[in-house]
Structures are given as structure tokens and as C-alpha cells.
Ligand code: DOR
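Here you get one chain, nothing else, as C-alpha cells; it is the form predicted alone.
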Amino acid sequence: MTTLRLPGLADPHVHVRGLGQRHKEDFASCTRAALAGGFTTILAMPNTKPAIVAEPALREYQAEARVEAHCDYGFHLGATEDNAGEVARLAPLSTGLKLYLDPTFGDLKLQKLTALVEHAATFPKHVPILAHAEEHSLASAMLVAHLAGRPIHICHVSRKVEIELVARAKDKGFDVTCEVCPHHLFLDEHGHGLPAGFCEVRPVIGTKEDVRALWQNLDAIDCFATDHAPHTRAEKSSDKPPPGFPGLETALPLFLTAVHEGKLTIADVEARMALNVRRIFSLPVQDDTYIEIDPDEAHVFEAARGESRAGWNPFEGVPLRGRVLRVVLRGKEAYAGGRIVGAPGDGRDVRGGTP
């Protein structure tokens, strides 16, 4: 058995749920799933119930995370048509401001270009703005950020035209970074094998051409983000299945499998799942924190034995290579031998906690 040590992974795009959606996932189950996947930091998205668009909701989620989290965490704030001043005030307590410019789960979609312009101008430039922006919206978001003289991070890029546009913007000097998710790199619209409802995700699964373009433009991809978005089996089997896939526990094995296939190197994985995420989001150093992996072990993921409350996974039954053996968080063993050994509350807010 080969054992490699890597820095603790960081995921910039996680839907923890919690509070009004605890039946889907909470900070305890989500951070256990994170540790099992090798992540020692997760950044939580704001399209929750209630949405994290003002101080009262942020306080509630901070309190919940403080007693439940097994790994470190941060909170992205959510942009609305009329909260630019409020989120700018809360920026030091956040890891970013999320702009929803296209439909997804929840009701935070920005309708007006004026709101996008105001947030880009008002939110502090040293704290990232993130955008769910597809096709035309992606072009608008990058241009508005560029005119405001500020960086922007594009979430879950999924299409050929999008990654090529991001690459061209980078070449022209735009201060833009982007992430791509495992399900957009390893699945296509005809080859996912998922039942109706279970294949619902936003952005939707792309074509084979889209997948090929993402791999061909790897140099333009700064981060691999899971977009972990758990829903129950019953919800995904319903007449109105909500969009989203669980992904924290399968991301690293998928990318290690790509290493075995010659598509990536271990250095690529380390950069896009740890180093770049920490740089883009200015995450604090986690002293004496690392993961140990066996990069070669062959296995098949069993969602029923996983830590996520979702209880299913789009990559269940797929042959994988590589497994997390051990996670150490600030010198304390948090995961070993296939089980969580740390305690709830061991995780810390990367921005320090309560306003």
C-alpha cells in the first residue's frame, strides 16, 4: 500500500442545508462527509432556509455550526436586489458574496442588472464575489466585475462556450477565477445512467463536447468544487425533483482515478482542491493539518455507508481508485480507519465567528 500526505482539502462550494432543511443535511452530517472525503475546510452557500442575506440568519447558522461542525467552515453571503449595504457590512465575517444570475434551488435569483452593478461596486474588493452565471449571464458578470476593478469567481462552469470565454478573459487580463465540478467533468447528458429526477442538477449535465472542452482547458480551471447539494431519495423521486447532487465523499477518488488515467497529476489535484482555494478565498493556515491517502486502492462507493444524510450518490457503483486513510486537524486525528474519530465542535469558523 502506498501512502501519500496532502494538505487538508478545501471546498469552496458546499450546500450544508441545516436549520429549516436539516432533513436534507446539517453541519454535523455535512462536515463528517467532508472529513471522509479529505476536506478540512468547507465554504457554505447561502441559498438556505432562511437564506443568509442579513445578520440574523448569519448568526443562526454560526450558532448551529459552532456546536456541530467536525471540520472548519466559512459562510458565503447571498445577494438580493436590496441588501448591498447589509452584506458589505457583514463582509469581514464571510468568505464571499454569492450572486445567483440563473435559476437554481431556492429563490435568490437577481433579476436586475442594476443590482449586479451595485453589489460589484459596493462589496469590499478584498472579499471575493462568486457568481452562478451561465452563458450570457457569465459574460455580463465578468464584464461588470472588470469595470468595477474587482475579482470575480465563476461557480460550476459546465459548457464549452463558458470555459473558452473564461480562458479568453484571463488572457485579456480580467481578474477572474473559476471552478468545475466532478459531475460536469465525469458525466455527460447521455452517459450518466441516472434515473429521472436523480439527474436533475444546475447547471445541467453537459454534452460530450462540453466535457471534452473542460478537460482541454484545464489550465483555465482554478478549483475543483463539489457543489455538494444533498436532497433525500424521496425528494429526488418526486414529481418535482429538486436539483443537486451530493459529492463530498466521491470527489477526491474521482480525481485520483483521473490521475491513474493520465488526465491529471497529484500536483493538479493538490493545487485545485487545496492550494488555489485557500489563495482565492484567503483562508487561514491550518497548522498541523493534513490528510493521508492511498492513491491506488480500488473500491466502489456505497452511499448507504457514507456520512451524508442524502443516502445516495450519482457515482455509486462506479469503479474508483484512491481512498482517504486518515485526516488530522490541528494535530488531532479527525478521521481514521473509515470512521469519524473527532468530535462535533472541533471545526472553526475561518472568519472568527459571531458578529
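Residue indices: 1-based, along the sequence shown. Bear in mind that the values here come from a model prediction, so they are computed numbers and not experimental data.
The same protein also exists as the form predicted in complex with the ligand; that form is not shown, yet it is the one meant from here on.
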Indicate whether the candidate residues N47, H132 and P243 are all in contact with the ligand in the model of the complex, with contact defined as any heavy atom within 4.5 Å.
yes
With a 4.5 Å heavy atom cut-off, would you call H76 a contact of the ligand in the model of the complex?
no
Would T80 show up as a contact with the ligand in the model of the complex if we use heavy atoms at 4.5 Å?
no
Report whether the minimum heavy atom distance between T104 and the ligand in the model of the complex is within 4.5 Å.
yes
Answer for A274 alone: is it within 4.5 Å of the ligand in the model of the complex, judged on heavy atom distances?
no
Contact stretch among 248-256, 163-171, 195-203, 107-115 - heavy atom within 4.5 Å of the ligand in the model of the complex:
195-203
With the ligand left out of view, choose which of H119, R278, H156, R159 has a non-hydrogen atom within 4.5 angstroms of it in the model of the complex.
H156
Among L138, V180, I152, A229, which has any heavy atom within 4.5 Å of the ligand in the model of the complex?
A229
Taking the ligand as it sits in the model of the complex, which residues of 1-37 have a non-hydrogen atom within 4.5 Å of it? Please list them.
H15, R17
